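Given as structure tokens, the chain that follows is alone and in the form predicted on its own.
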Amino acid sequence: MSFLSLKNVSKQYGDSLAVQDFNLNVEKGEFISLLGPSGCGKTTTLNMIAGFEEPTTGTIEISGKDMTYAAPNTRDIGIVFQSYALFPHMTVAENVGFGLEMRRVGKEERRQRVLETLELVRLTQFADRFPKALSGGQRQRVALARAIVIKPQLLLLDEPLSALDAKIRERMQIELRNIQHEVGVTTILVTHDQAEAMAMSDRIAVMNFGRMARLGAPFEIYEQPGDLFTSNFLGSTNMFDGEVSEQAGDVVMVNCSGVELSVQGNAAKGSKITVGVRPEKIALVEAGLGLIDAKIKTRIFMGTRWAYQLESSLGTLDVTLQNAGHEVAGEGVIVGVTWPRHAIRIFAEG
């Protein structure tokens, strides 16, 4: 039996369905991200898990108990909001200990648990400071400490890192994941940041128009997204429309703008399909030695990688090459373009 189970959960506001027939089973200690664009229903789903919103239909079970209509304070959850919601008139230690005080935990036990939690989030030396004297990353850790000090059975994170700048956000992703591992608490993260979801999650639930578009481990759904929406939302993909000219076993030949591409998969001869390959799967070789030739239109150096835009008979191609420490082909050069057969995939509409 799963620790957290959402069964056919829907939420309707007037004529609008924010969440539709949503099903999700989460195991104890698992880290799940609800990932999707604004308005896809991920925050509404989190609010229903928290008890802030009641489902229109469906059930929510936590640890085997039906909690669909239970009050938030009976669900044993910790929550970290995007705004952190710290009390400005309280010190860091007082903020962290507030939930324990509301639960009437004894003063000495409360002090000990606050100190242990501040040590866990590396804020021991800031215990007597007020929130205004902290950086954004430090405030985020205070909010996290306040949520986990009560030892909740479920931790809910509502875009907690979105207010941080890029470098601090990347560092906090690692810290947050490490803390979650150490505490072992079941965690649900809401985010619109694909890199954040892939870096932190055991599994990702990709949402679109209130429905589950894809559920799986980060590597699995990145490499095998299944539909156009998931592929494009989890990263850039070069898409080509074509017609199947031949099928042999699990390989089809697809004519895309006059170029015959070999693709693993199944599709009927004569059917019109969309195939795609991610920019980092493409390699540049000498002209005439690849699948097609292309002209480099734009080359941008991004530190760890080179970003290219090419003009080809397949249309515009985006290509990403890792920085190997030497100069690469420049703008205006004709190059060959190639990729492994397994890197190009057939996509369904999503």
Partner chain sequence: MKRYLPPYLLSGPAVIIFVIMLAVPMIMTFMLSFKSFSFYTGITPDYGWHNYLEVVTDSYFHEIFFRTYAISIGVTLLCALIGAPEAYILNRMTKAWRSMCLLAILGPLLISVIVRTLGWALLIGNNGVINDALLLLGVIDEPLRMMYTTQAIVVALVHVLVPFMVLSVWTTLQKLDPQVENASMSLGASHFTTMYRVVLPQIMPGILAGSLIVFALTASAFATPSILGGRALKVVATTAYDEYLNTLNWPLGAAIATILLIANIVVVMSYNKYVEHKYAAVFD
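Model, not experiment: these values are computed from the prediction. The term rigid core refers to the maximal set of C-alpha atoms that superpose within 1.5 Å between the two forms. Positions refer to the first chain, counted from 1.
Below: the form predicted in complex with its partner chain, not depicted.
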As a check of understanding, the residue in M90, L228, L215, V259 with any heavy atom within 4.5 Å of its partner chain in the predicted complex should be identified as M90
Partner-free chain; cross-checking its partner chain in the predicted complex, the single residue of L118, I77, V183, A267 with a heavy atom within 4.5 Å is I77
Given 144 to 152, 166 to 174, 186 to 194, 118 to 126, the stretch touching its partner chain in the predicted complex at heavy atoms within 4.5 Å is 144 to 152
Is Y222 near its partner chain? Define near as a heavy atom within 4.5 Å, in the predicted complex.
no
Report whether the minimum heavy atom distance between K107 and its partner chain in the predicted complex is within 4.5 Å. no
According to a 4.5 angstroms non-hydrogen atom cut-off, is L86 in contact with its partner chain in the predicted complex? yes
* Interface membership of F52, its partner chain in the predicted complex, 4.5 Å heavy atom rule -> yes
- Message: Would all three of F31, S135 and E159 be in contact with its partner chain in the predicted complex, where contact means some heavy atom lies within 4.5 Å?
- Response: no
Near its partner chain in the predicted complex, with a heavy atom at 4.5 Å or closer, the residues from 91 to 124 are F98, G99, E101, M102, R103
Is it true that K167 shifts between the shown form and the other one by 2 Å or more at the Cα, once the core is aligned?
-> no
>> Aligned on the rigid core, do the two forms place the Cα of G184 2 Å or more apart, comparing between the shown form and the other one?
In response: no
Item to check | Residue shift check between the shown form and the other one, rigid core fit, G249 Cα at least 2 Å | outcome: no
